[in-house]
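This document opens with one chain alone, in structure tokens, the form predicted on its own.
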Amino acid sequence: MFFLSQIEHTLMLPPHLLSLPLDEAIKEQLDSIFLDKVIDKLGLCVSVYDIRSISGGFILPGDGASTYTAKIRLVLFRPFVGEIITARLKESTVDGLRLSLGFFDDIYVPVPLLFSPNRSEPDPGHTNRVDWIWNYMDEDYHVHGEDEIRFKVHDVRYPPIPLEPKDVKPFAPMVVTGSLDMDGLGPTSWWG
């Protein structure tokens, strides 16, 4: 789920940070660049783990900032296919479930990957929301409000950045697709 990746990054250090020791100033700038950002094919940056080396310090003509190249290690969230993760229910619609880990909300379980046999019923308290129900041996098991849900990672995608906004829906740079169609998956309350 979490990986340590080493990358090399060239950054400009603004003059107001030059009063700090160099490693602290660069760490502060790296935090502002990488934290809570998705790096294509690597994952969501959770932390700048450490700085391995710093080189440079050049001031380019017409610029007041010095430019450095830093080799750094980042802690990244990148679930692998087949991994079992527990998340909270964020939304339940006719398209399926949307789950959240608290720090990452782009986890979707589409209807074909839900438990089967299933059915949905309109949620009387909310428009555009449904309650999903799994029928097992003539007994109904409901997915409720903010249930803890155990799911299996089916796919991790990094969609291309849209050039023109076509959708009203915000762009998600990393999307995790989950599956609940296996024993032990679904709301943790079902499994005691």
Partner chain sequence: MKIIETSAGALTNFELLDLLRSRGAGKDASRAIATVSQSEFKVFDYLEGTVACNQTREIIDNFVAECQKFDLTKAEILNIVNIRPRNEPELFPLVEECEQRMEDKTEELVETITRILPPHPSQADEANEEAAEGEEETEPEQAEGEEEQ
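Numbering follows the first chain given and starts at 1. Please read all numbers here as calculations on a predicted model, not as lab measurements.
From this point on, the text means the form predicted in complex with the partner chain, which you will not see here.
- Select from the listed residues Val48, Ala65, Val130, Ile26 the one whose heavy atoms reach within 4.5 Å of the partner chain in the model of the complex. Checked against the cut-off, the match is Val48.
- Query: Does Val94 reach the partner chain in the model of the complex, with heavy atoms at most 4.5 Å apart?
  - Reply: No - in the model of the complex, heavy atoms of Val94 and the partner chain never come within 4.5 Å of each other.
- Message: Is Pro112 near the partner chain? Define near as a heavy atom within 4.5 Å, in the model of the complex.
- Response: Pro112 lies outside the contact set for the partner chain.
- Item | Heavy atom of Asp36 within 4.5 Å of the partner chain in the model of the complex | Contact check for Asp36: yes, within 4.5 Å of the partner chain in the model of the complex.
- Message: Under a 4.5 Å heavy atom criterion, is Met182 part of the interface with the partner chain in the model of the complex?
- Response: Yes, Met182 is a contact residue.
- Task: Have a look at 38 to 46, 132 to 140, 156 to 164, 56 to 64 and name the one stretch with heavy atoms inside 4.5 Å of the partner chain in the model of the complex.
- Result: Of the stretches listed, the one contacting the partner is 38 to 46.
- Item | Contacts with the partner chain in the model of the complex - residues in 69 to 91 whose heavy atoms fall within 4.5 Å | The stretch touches the partner through Lys71, Val75, Arg78, Phe80, Gly82, Glu83, Ile84, Ile85, Thr86.
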